[in-house]
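Shown next as structure tokens: one chain only, the form predicted alone.
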């Protein structure tokens, strides 16, 4: 039986990963995109492995676990930008640690009382994959090309018309799916981050709860080789991508209270990105069109699991949900 030529909309982490999985299975794949990986929302993510703002929970855990195992393998190769680092996850309620099911038991332990912050009552130390986005996205792009994948630089205006032209079309357009599909369940989740000068003395710490009256303020510190990322914000339905000084000041203050080692590190950059929010991730096939979007704040975390699910849909072994 002849295999269809596959076209993918979107060149972020979801589109690239899906393309690589399909290429490895012998499919001919092209990505249609207006932006290369370094210009997408994926490029500004803090990108520490953790299921965040993504549902349904059971499937998110399944796909996150698959991705966790793949990142563990990739961490053995220096050109991937993947490393496994101790990550402190602070909680106020134990039930918020729903993501525990995605982590192998040997890579997670409860925090000791002296490891907790003033605001937290419990938490976990996790050996978590850290994704250095500039390196990793370049690795994905190079792998995609090496496997024979093609990239067509083009803005998709009409997904219905495009699906009639293509044998099999996969939509990984992220927030762009809102306009392409008139999907009004989608919404932007605005996130502002601060990039400090890199330091190898800074631990990775994430508070798994919000701050502020509206619950739109976060506190997390992610040390990368190129910078230390401080976050952040979680503002639903906001689409302004201009950094705000008052927000920057709040991020730095919260993170300094969480991790004293960042004090004195100069600011390199301030970035605002829009996460693709949706009540539940959409992963299903309708005729010759497969959807893989709405990953919230977990695009990297579920990327390999969702890509394998897409493969199942391509080959008719699943119908999605």
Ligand SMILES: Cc1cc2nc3c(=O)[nH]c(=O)nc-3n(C[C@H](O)[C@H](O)[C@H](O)COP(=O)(O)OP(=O)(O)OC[C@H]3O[C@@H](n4cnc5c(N)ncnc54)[C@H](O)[C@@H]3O)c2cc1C
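Owing to the predicted nature of the structure, the values given are computational and were not obtained by experimental measurement. Positions refer to the first chain, counted from 1.
The same protein has a further form, the form predicted in complex with the ligand, not shown here; the description that follows concerns it.
Only one of 29, 48, 259, 290 lies close to the ligand in the model of the complex, with a heavy atom inside 4.5 Å, and it is 48. In summary, among the residues 285, 55, 35, 62, the only one with a non-hydrogen atom within 4.5 Å of the ligand in the model of the complex is 35. Taking non-hydrogen atoms only, residue 13 approaches the ligand to within 4.5 angstroms in the model of the complex.
Not displayed here, the ligand is approached by residue 275 to within 4.5 Å at the level of heavy atoms in the model of the complex. Taking non-hydrogen atoms only, residue 188 never approaches the ligand to within 4.5 angstroms in the model of the complex. Among residues of the shown chain, residue 9 is one whose heavy atoms approach the ligand to within 4.5 Å in the model of the complex. Here the chain stands by itself, but in the model of the complex one stretch of 94-102, 117-125, 172-180, 143-151, 172-180, has heavy atoms within 4.5 Å of the ligand.
Within 4.5 angstroms of the ligand in the model of the complex, the stretch 209-228 places a non-hydrogen atom from 220 alone.
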